[in-house]
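In the form predicted on its own, a lone chain appears below as structure tokens.
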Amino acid sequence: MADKNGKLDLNKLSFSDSVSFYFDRASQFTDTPQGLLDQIKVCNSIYKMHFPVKYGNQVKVIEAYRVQHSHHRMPTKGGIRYSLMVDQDEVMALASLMTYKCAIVNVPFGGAKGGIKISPRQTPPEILENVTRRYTAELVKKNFIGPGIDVPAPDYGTGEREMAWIMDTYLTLRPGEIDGYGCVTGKPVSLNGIKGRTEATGRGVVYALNEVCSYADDMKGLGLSTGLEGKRVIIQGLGNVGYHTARIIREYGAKVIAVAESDGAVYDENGIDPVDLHRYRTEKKSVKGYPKGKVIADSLSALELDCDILIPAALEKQITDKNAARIKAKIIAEAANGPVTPAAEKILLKKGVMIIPDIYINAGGVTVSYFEWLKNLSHVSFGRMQKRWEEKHQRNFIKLVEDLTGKTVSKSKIDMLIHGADEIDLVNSGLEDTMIEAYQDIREFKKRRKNVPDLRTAAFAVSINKIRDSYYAMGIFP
């Protein structure tokens, strides 16, 4: 969108236009032919559908979408969100972000996204089930879902329950498909899901922040010490991502001083226990009246409180040109998709704020979804084949040491030393390694190309280069 002088007006960009803006800005640092850039940027397939669902004594027409952004890797991968704010522009933007996100963390999927225009809070569960199953049936009819085609996952407004409905509907319509459980990820563990998936995005945010804060030179430039110990953190959103981010970051010694929700925020400079706050909000359906902190009625104003790290983990466009100048955080970690607008980013970067972009820092969910998909295709849980052997081997080694030294190792130490890796250990280890390596790629690119202005541009450039190399490897482009 241009202003009256023909210049790009950052305040008028739609969500998908914002993603394209970031893409175009980064593409100049990639040495990629324009024709290939055009192919990488465009959404390959857009499926908009309307279908009827009985709603009490009425029949309502539901609007829904599934967008497959890139087929350079198959299957495509991306969540499904339920929200009254869902529209085609939003789903296209989220699908394209998924492509770049998967490339950054070396997950071999193309990006996709889905959305249904419905309120999950105001809709009875039986209606949600009917909508979910009908949506799945529509995807099956158009060949828009399958373990080798397109694999949905949870997003805003959806979770394990909805993924179980999708899986059950798919298997009913495609009986006997041996890899059918891989048609969707984020399933309950009892239905071939994977341990650690629920908290994966939040845990990935913490692993990423821990790596970002480990570089002394970078932290010195922000006036911060290294590590997460003692960092004052504000989190927006106490949903799945925000809650687990808040819970896990405290284990690293950080202090959550404020949590903002849609109906208000809670502030306490001495620190908030997110588990206790989450329990209260679940019981009361609100943070209002929470006795262990100061409740702030205007939740957005809580983002402007003084802190070291601000983590917007709710929806897009939460930090705009209207409030960016008042943000006091030194680091903004985009746990949500697109929470900082391009106009706000310009203001924040001028202030010296480090913005850790969404296409990197919230990639923990798709990373562990990839692990779940691999588990479904291999038909065996991670760790099942070697855990007991490893424990037996370690026990024999400790026995040998005891025999040679004449000293006895305590049972508690033996139990700690011989513990073989089970599924959750391997998932968390793989996630941590993925987030560390991805950030090293981004940081190294930014250091090598001195004129790259910020981490988002570096992340997009790294992603474009990886997707470009995939096309080159296929011989489609010279």
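Numbering starts at 1 and follows the sequence shown. All of these numbers come straight from a predicted model, not from anything done at the bench.
Separately, the form predicted in complex with nicotinamide-adenine-dinucleotide exists; it is not shown, and the next lines address it.
- Mapping the unseen interface onto this chain, E160 falls outside it, with no heavy atom inside 4.5 Å of nicotinamide-adenine-dinucleotide in the predicted bound form.
- nicotinamide-adenine-dinucleotide in the predicted bound form comes within 4.5 Å of no heavy atom belonging to R247.
- In the predicted bound form, nicotinamide-adenine-dinucleotide sits within 4.5 Å of a heavy atom belonging to R197.
- nicotinamide-adenine-dinucleotide is not shown here, but in the predicted bound form it comes within 4.5 Å of a heavy atom of R81.
- Against nicotinamide-adenine-dinucleotide in the predicted bound form, the set D218, I332 and M354 makes no contact: no member has a heavy atom within 4.5 Å.
- Taking a 4.5 Å heavy atom cutoff to nicotinamide-adenine-dinucleotide in the predicted bound form, the contact residue among N376, T341, T201, T169 is T201.
- The listed set N130, N192, N240, T320 contains one residue whose heavy atoms approach nicotinamide-adenine-dinucleotide in the predicted bound form to within 4.5 Å, identified as N240.
- Considering nicotinamide-adenine-dinucleotide in the predicted bound form, the lone stretch of 310-318, 135-143, 208-216, 323-331 in range is 310-318 [heavy atom distance within 4.5 Å].
- Contacts between stretch 272-299 and nicotinamide-adenine-dinucleotide, counted in the predicted bound form as any heavy atom lying within 4.5 Å, involve R281, S299, listed in sequence order.
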